[in-house]
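First, one chain by itself in structure tokens, the form predicted alone.
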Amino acid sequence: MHRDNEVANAFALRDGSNIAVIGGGPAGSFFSIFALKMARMLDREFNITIFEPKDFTQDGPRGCNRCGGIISELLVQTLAVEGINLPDSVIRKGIHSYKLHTNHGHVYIATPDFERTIATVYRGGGPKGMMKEGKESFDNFLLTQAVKEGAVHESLRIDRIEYKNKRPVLFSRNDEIMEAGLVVGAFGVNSTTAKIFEDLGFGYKEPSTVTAAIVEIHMSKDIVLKYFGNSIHLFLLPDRGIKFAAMIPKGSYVTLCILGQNISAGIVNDFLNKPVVKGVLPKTSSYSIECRCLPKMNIRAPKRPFADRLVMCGDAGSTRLFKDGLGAAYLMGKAAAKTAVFQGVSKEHFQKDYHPVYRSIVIDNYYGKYLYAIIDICRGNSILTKGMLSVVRKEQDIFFDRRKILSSILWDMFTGNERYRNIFPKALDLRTHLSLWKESAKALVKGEI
């Protein structure tokens, strides 16, 4: 008990404590917003500085955060309850359906209900020229909210951290910037900042990643509306190099996201030339590719995401597999803030109060890997693909029937409205399995291979 009291007193944040947040994306902004709100509940004041060199008000590469940019209605509503109301200027498009494309046809999957819709956003200013449309980026909106709460934004790149007197000290270009009571690592996996924390020697290792391809395709708003409407177009093709791809409408642009193995720059042109994809796009003269990149995606969280006066959150720590990075940033940023403000900033505090939330996302991703493995089997098998399409079509035709299990699974798999562990029991539904095998058997008998 005496040891516990010593730790509690030595690692409690007090009035005037300096907190350094490295990364001004959603995780860093969420942490800052909630830490400052919670501090006021205890009648305390913290000096929170967010170090983010990127300018999210800029369009083009200078403000880009290289993400697909999908936000669930559930998160929008949750943020509203927290007092964070997303303005119309942030939302690019409301999404009410998916259109699933395969080599054997396509099918629409409508949102199961109004509260499970999704919306599209740009994490930065968008492709070059977007800012003239009067929109703003999601990341800049959140960072601005953090500043309004009392945080300070510094456009500095932190390149070294050292411990002095058992406290982390931050450096930029060999200049000492700050001695902090807490450092929050909220950088993304596409930065080099992870090496700074690895060098501290507490066991942190950069998350395991895969490479994705993201492309911005420019069209007129009328063409986007005509060819894409309010739907995300999802492609499940029997291509070993591509796990899945999605085209996400955003006003006068469509964001193409491709996820797979051994992704390279050439895979974009190969994908766009596939017959199924060409059948979705307008004539080549009606669109142009404005920019493309090959960002990394976190697929396995580090085992040691904290130490005394250090904690990792967002993509630097535990995030959702292949989807809902914004929802994970909210959960982890708030959990880290709650632990730091109400409990303390020692390794023991983070282990007791932060790690259970961190671990819950890791466990949830195990369910996700199993579910994606099932989808891989279906997309790689012609008979199962035909059966899946047939079942979903029948489910979508029954307007008032809520037992649209397979439709619900596919909707929830590619949105942020449901955790993988909650989708998993649906994948075990016996009636759905029987329907799938029945329709697959029909396709086999008809020779529809």
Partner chain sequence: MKEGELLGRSYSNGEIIFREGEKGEAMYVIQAGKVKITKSTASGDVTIATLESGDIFGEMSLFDRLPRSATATVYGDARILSIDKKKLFASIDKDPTLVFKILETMSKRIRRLNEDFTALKKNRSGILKISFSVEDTCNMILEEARNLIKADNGSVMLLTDDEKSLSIKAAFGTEADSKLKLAVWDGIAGDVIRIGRAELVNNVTMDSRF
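Residue numbers count along the first chain shown, from 1. Because the structure is a prediction, the values reported are computed rather than measured.
Below, we turn to the form predicted together with the partner chain, even though it does not appear here.
- For the three residues Thr117, Lys338 and Asn417, a heavy atom within 4.5 Å of the partner chain turns up in the model of the complex in every case.
- Of the stretches 279-287, 261-269, 372-380, 118-126, only 118-126 has residues with a heavy atom within 4.5 Å of the partner chain in the model of the complex.
- Think of it this way: in the model of the complex, the partner chain has a heavy atom of just one of Gln77, Asn103, Ser220, Ser155 within 4.5 Å, and the residue is Gln77.
- Contact with the partner chain in the model of the complex, judged by any heavy atom within 4.5 Å, is made by just one of Ile363, Ala110, Cys293, Leu225: Leu225.
- Within this chain, Asn230 lines the site of the partner chain in the model of the complex, having a heavy atom no more than 4.5 Å away.
- Looking at Lys135, you'd find a heavy atom of it within 4.5 angstroms of the partner chain in the model of the complex.
- Contact check for Gly83: a non-hydrogen atom falls within 4.5 Å of the partner chain in the model of the complex.
- Although the partner is absent here, Asp175 lies well away from the partner chain in the model of the complex, with no heavy atom inside 4.5 Å.
- Interface residues of 93-108, taken as those with a heavy atom within 4.5 Å of the partner chain in the model of the complex (partner not displayed): Lys93, Gly94, in sequence order.
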